[in-house]
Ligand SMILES: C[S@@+](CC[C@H](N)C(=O)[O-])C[C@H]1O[C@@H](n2cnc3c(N)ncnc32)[C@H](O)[C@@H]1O
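As a starting point, one isolated chain is supplied in structure tokens, in the form predicted on its own.
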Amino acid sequence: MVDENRSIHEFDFKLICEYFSGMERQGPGSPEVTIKALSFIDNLTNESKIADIGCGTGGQTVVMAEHTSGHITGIDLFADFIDILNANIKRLNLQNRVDGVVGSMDNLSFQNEELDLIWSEGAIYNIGFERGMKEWHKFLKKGGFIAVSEASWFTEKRPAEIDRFWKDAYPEMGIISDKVKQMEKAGYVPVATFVLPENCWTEHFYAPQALAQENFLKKYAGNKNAEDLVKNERHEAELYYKYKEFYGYVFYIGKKF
């Protein structure tokens, strides 16, 4: 029996990569939400430098390229994700404005005050929201923006089942006001926060997974790790539908002062 509180990070690195590589997004989000978050960023020109940290296969990176000026560097630890991003960028003839590079978000190679915008959709949790806000601050120019989406609680109290699941998966998950305080403490003026609509989970994250799961299970028939990975993802989806009024993804947008 699968451990239903098992974290996604406990599964085989390559299996996770393959499971998510065929999907436009590796976390909840949508093109509409990316565009909405971009509407709060007002300092971009053709000379601007943007980093999309933990970009995955670059679903949001492409949307950003189509709705901003400047140069975007997409960074992800999974080389296969970067290969997919770069292939899409070439297909869309955006290679003069977007680069995908393999790298770790806890060892970025940018210069101090090099960037005008730091972006990270559903990925900052890999090093933790508070740590990411602090460590990435130095890479932004004064007046530069940071925009990240982060799993957050909507209430101080919630049912034990969902509380236990997320405390195991992401212990740093907090309520919105606490995240805003962490952003302020790290040296940003909060510009906007907004909750991602449900279709970011249902239509853009869980529905594509459901389609991919059958093929994944056929390919890895009898592979317990692959089967457990799918069970884990299905369990997470079931919990979302059951407890979605208690948590979700929230966009946090701040300006460096």
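In this text, all values refer to a predicted model and were calculated from it rather than measured experimentally. The numbering used is simple: start at 1 and walk along the sequence shown.
Heads up, the form predicted in complex with this ligand isn't pictured, but that's what we're talking about next.
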Q | this ligand in the predicted complex: contacted by all of Gly27, Ala123 and Asn126, heavy atom 4.5 Å | A | yes
Q. This ligand isn't shown here, but in the predicted complex, which of 74 to 82, 156 to 164, 171 to 179, 90 to 98 has heavy atoms within 4.5 Å of it?
A. 74 to 82
Q: Would you check, heavy atoms only and a 4.5 Å threshold, whether Cys55 touches this ligand in the predicted complex?
A: yes
Q | Contact flag, Gly187 vs this ligand in the predicted complex, heavy atom cut 4.5 Å | A | no
Q. So, in the predicted complex, is Ser109 in contact with this ligand at a 4.5 angstroms heavy atom limit?
A. no
Q) Wondering, does Met105 line up within 4.5 Å of this ligand in the predicted complex on heavy atoms? A) yes
